[in-house]
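A single chain comes next, written as structure tokens; it is the form predicted on its own.
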């Protein structure tokens, strides 16, 4: 046996899993409430519970204590970022895609030259890290220099990753070095229409490991684990890529989508090219990354229940559940005030289920590409913006909202194409899977060193829904 313990320190729960990578197999998993003031307390409780389970299976205490323990985390608010670029639809969007792919929660994206109002807003937002882009390589120089000077004058004392015009990256860093720690990555958009987000993602991960986990107090857990290696969403995205492409002798699953409906946000990950499937469709806009993540801060089924209900429409939920609008709003407020409480009554479970359905439905609608019908002198032209995910055959639901509900399929069906979304390029007829064992994030920790074992464990764990 070759035991590794994988840990996901979330904002609400800390989840731990034990895997044998020599078999390979999932041996046990458990969870405990995350303790925000000192995450090591909740982590210790989860590890103790796991240890008891493993010892009951015959695993020795020495082997448990000496095995590797790897972790990812979205505790303490996750990785909070601000992205700055030149043009809203180009370098600013590229910077946002890089930040999201690195597992960050993007608080705000700024384009063109930062103003005094922007400066004040960034100071109020207090991000953990700033991604500064702008200009293609050899292109516009003045914008990124101006923004570097503004950021340098703010004395934020936080890391800034510079991923813009390489001709002036070091000059931009010189204006920031007195007030911030700076990192230089390759340009997120070196040429017009060319997206290059991986180098910036890798640098953001490096900064997370070196700086952010200490700023958030997560280093208190270091006595129990080998290290926190990435934000949880980045680990999920890495797992998605592994599952899609496969490893060694283990075949991949092809294009897929992962939907994570949480208490505060809903994350959607898609792995695939997203090329047009409609004959004659013309793609417009910035190229989409093969592995893409979006996060919706107003779509959550606990902390964000009130804004979610507002997005859905209280009357829509009321009609669906045969409830008065005021009752719907009261229930949402109660959930937001008590996010740790799970529903016990049939009415409460139905309410949860409806919120999960709409969170998935709306989040996927924002993630996928869209078709537009344009009339020209030579006839109708179809224009595609974003990724065409209509042929995606695999959709995986993960997170407590799906796992704790008795009808996860009813919620996941909100992902697919229906008569109300004719121009949204959603999966049309996918097979749905449930991440019953909470492995989508932990497996990402294994993906680099033990890809075949990681893939085997995950594939055997996912539950097909029908």
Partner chain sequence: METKTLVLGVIGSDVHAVGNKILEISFSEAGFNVVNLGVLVSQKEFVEAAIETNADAIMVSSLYGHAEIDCRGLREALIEAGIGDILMYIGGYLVVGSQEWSEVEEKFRNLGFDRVYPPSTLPQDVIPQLRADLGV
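Positions refer to the first chain, counted from 1. Note that this is a predicted model, so its numbers are computed, not measured.
Here the subject shifts to the form predicted together with its partner chain, a form of this protein not shown in this document.
Interface residue among 250, 383, 316, 150, judged by heavy atoms within 4.5 Å of its partner chain in the predicted complex: 383. Taking a 4.5 Å heavy atom cutoff to its partner chain in the predicted complex, the contact residue among 73, 270, 239, 91 is 91. With the partner left out here, its partner chain still marks one of 202-210, 298-306, 328-336, 368-376 in the predicted complex; by a 4.5 Å heavy atom cut-off that stretch is 368-376. Residue 139 belongs to the set of residues with a heavy atom inside 4.5 Å of its partner chain in the predicted complex. Not displayed here, its partner chain is approached by residue 282 to within 4.5 Å at the level of heavy atoms in the predicted complex. Taking the partner from elsewhere, residue 311 is found to have every heavy atom lying beyond 4.5 Å of its partner chain in the predicted complex. At a distance threshold of 4.5 angstroms between non-hydrogen atoms, residue 192 is in contact with its partner chain in the predicted complex.
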